[in-house]
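Just the one chain here, the form predicted on its own, laid out as structure tokens.
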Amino acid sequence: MIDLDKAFIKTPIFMPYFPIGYPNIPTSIDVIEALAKNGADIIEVGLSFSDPLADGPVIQKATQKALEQGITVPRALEAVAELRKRGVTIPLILMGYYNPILAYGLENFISEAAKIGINGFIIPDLPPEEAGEFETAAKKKPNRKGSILPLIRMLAPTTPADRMATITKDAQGFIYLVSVTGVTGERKEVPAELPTLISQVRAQTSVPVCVGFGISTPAHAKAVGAIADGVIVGTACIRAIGKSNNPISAAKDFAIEFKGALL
């Protein structure tokens, strides 16, 4: 398996998001495998939740479909284990909301994630001020190499300077920089203020800065990749794969096209 920090040796990296269970569990595993083996450097693996407050309509619809297909936290972990068995070696980050994780049990969740080769977590509704319990549990359950799995911190354009300093302090893995206010979804153009925002974040931390929300096209990815360490693409990825009669082929083409824009 590739360590998370080693994925950033050559930047910018391409990080698609895709939820386990959409349009069904077997297909989602095949899709994530195709993304991993055709250009993705890291994959944000979605854990579906009934109230995804940070997600726009495309991702909400996909995660609702995944729930209807019977996805649960245990079945999502099993799916990730299957991906590792298939030879997916790139870093995999679990993205989910706190309630299902808490219901599963923090230490059990982190322990299982470490065993199957997860490289970190993104929990949009768990701010640093409330993350102590999770981070304490993570310290008790290092991965097979003895490393503590990081809880990736998120920043937005509306984050005040003093709070940015709090969030970036001791940040691990990478910073998830939300490029626009609001929920996830495709946008027509990259925000003009993004370079300034990235510079402000880099002044506070040495960890890589990856940008998500609103990256809709390879041209957007190229523009963001020129100023950031990585680009995160969710809505456009789900839309392209979800509308295809051959989602595996669509995933392959999507990864090749977006990764190609970053080379």
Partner chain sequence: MTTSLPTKFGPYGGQFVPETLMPALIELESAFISAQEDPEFQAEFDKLMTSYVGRPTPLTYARQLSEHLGGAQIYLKREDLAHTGAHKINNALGQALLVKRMGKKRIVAETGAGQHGVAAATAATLLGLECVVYMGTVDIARQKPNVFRMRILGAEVRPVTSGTKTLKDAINEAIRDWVTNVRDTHYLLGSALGPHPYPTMVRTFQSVIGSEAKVQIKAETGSMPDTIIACVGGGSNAIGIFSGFIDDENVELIGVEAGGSGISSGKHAARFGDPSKGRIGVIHGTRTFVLQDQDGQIADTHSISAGLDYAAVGPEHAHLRDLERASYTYATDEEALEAFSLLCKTEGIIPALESSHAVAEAIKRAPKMRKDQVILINLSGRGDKDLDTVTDLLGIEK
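Residue numbers count along the first chain shown, from 1. Just so you know, these numbers come straight off a predicted model, no measurement behind them.
There is also a form predicted in complex with the partner chain; it is not shown, and the following applies to it.
Here the chain stands alone, but in the model of the complex its contact with the partner chain, taken as any heavy atom within 4.5 Å, falls in 158-166 among 109-117, 142-150, 78-86, 158-166.
Residues Thr72, Leu102 and Val178 are all found to lie within 4.5 Å of the partner chain in the model of the complex, as judged by heavy atom distances. In the model of the complex, the partner chain stays beyond 4.5 Å of every heavy atom belonging to Thr196. Although the partner is absent here, Pro52 sits close enough that one of its heavy atoms falls within 4.5 Å of the partner chain in the model of the complex. Contact annotation for Pro191: none of its heavy atoms lies within 4.5 Å of the partner chain in the model of the complex. Among heavy atoms of Gln204, none comes within 4.5 Å of the partner chain in the model of the complex. In the model of the complex, the partner chain lies within 4.5 angstroms of at least one heavy atom of each of the following residues of 124-160: Pro124, Asp125, Leu126, Pro127, Pro128, Glu129, Glu130, Glu133, Met154, Leu155, Ala156, Pro157, Thr158, Thr159, Pro160, in sequence order.
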